[in-house]
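So this first bit is one chain, no partners, the form predicted on its own, shown in structure tokens.
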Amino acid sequence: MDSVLIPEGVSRCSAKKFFLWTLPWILILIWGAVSAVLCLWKALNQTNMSNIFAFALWIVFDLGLIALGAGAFFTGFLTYIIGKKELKDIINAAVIIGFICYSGAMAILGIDIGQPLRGWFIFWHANIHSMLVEVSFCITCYLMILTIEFLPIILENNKLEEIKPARLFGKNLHSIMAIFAATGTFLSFFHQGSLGGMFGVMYARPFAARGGFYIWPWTFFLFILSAIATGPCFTILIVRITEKLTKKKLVPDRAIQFLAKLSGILLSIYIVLKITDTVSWICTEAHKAGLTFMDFYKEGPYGIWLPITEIGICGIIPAILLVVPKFRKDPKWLTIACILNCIGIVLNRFSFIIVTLAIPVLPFERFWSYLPTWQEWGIALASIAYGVLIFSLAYRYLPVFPKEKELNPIS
């Protein structure tokens, strides 16, 4: 039965090997499920969150997943709206990765709010003055769009295609995909920005507060730019890992190189603006609060290594590697650049979420540090295990890569 579900014309490992591959991820998922039950049953006292750290490990993973999942809307925009046909060879993978990231983020939020059965309050009793309400609406709607974009890929399974209504429905969805891509771009643009804008308007927290344009702080625009600069790299990285594990060529180099070059250009622009924003923040917001740059890093575990790593090692270096053709066309350097780029955006979100709350804002307060509980780690790591399982199942049973047959003919 397993072999019948595998797409025609391609080879896959045995069912036994596939089960052994999925087994550790299933165990991590079980760990996450146990952690989730404990948190929902015994409440958030299972975590180390407090009045100081209302946001913690979960939200770092949440915002990290949302940023890394930006490859879906950006690749969809380039494919269906701009008309970059070469990206059709990678768009399916980008959509699946986006679906995994956003559904995983939503699952984390369902546990984070403590009472997921009351999650509908966000929409029915919306606080129209809160950026998080706009984020909630946009993320929920965009997850629906990603589900719609994922559906025709599922319906291309060779057994499901034998069902005529399902086959026709899938083809009709494909024909109007540009509408969903445009809508997804609009929704993603605003929720990526509002996640950054939320920190920029925290004027009582000098570490996060920023000036801006009209009602939007600079962090609004920086979060958007960092997401579209990193999302394609995460898609490339997942494809490269899949190729390495399967020992196959799955996507033509022209699609990979186009995304990598564009990501390098966007990352270069972002790093220049990030450095400009940091210098401006030191001279304006921090100065107004009577603080210097080193005042934010003089104590606690969150030292000067954070901005150096984020901007220097995980920003400037991958930007150079992605922009220079000699490095970009070398698979090894391309992979290193993608890894560093992805680490950089996670560090950026970590800094805004954790460091913002760790730094004292009153003279009698002290620097704080945060250590997650095993329950928090279980739920966070379960989101990764969930992603690996979904992508593995999709690769095994769905035609994720249109050029796989052409690039890997079965002898």
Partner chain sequence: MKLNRRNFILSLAGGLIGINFTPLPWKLMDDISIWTQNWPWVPVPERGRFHYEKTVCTLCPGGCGIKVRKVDGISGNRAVKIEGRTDYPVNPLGICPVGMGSLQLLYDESLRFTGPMKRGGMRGSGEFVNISWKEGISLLAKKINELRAKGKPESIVAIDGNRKGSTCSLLIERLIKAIGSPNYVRISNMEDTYEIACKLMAGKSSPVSFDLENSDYILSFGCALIDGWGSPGRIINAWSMWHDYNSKEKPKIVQIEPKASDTASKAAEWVAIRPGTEAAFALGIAHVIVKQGLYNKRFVENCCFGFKDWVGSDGQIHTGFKNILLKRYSPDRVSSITGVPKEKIISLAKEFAKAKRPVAIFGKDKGELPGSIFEYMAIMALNALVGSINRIGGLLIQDGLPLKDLDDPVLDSISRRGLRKDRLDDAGTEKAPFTHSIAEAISEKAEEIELLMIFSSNPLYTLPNTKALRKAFGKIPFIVTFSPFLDDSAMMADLALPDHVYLEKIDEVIWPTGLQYPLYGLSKPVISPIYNTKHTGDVVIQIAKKIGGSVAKSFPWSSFEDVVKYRVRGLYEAGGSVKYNADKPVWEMIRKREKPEKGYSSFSDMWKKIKENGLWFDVPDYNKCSFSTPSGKFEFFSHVLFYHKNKLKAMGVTARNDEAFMPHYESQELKVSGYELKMIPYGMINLSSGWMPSPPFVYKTIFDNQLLKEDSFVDINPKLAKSLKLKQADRVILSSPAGNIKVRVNITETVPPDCVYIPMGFGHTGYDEFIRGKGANPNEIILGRRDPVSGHKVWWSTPVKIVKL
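Keep in mind that this is a model prediction, so the values were computed, not measured. Residue numbers count along the first chain shown, from 1.
Separately, the form predicted in complex with its partner chain exists; it is not shown, and the next lines address it.
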Identify, from the list 386, 368, 31, 350, the residue with a heavy atom within 4.5 Å of its partner chain in the model of the complex. 368
Contact assignment for its partner chain in the model of the complex, among 254, 249, 118, 88, heavy atom within 4.5 Å: 118
Quick one: which of 324 to 332, 88 to 96, 120 to 128, 308 to 316 gets within 4.5 Å of its partner chain in the model of the complex, going by heavy atoms? 120 to 128
Let me know which residues along 182 to 215 have a heavy atom within 4.5 Å of its partner chain in the model of the complex, or say none if there are none. none
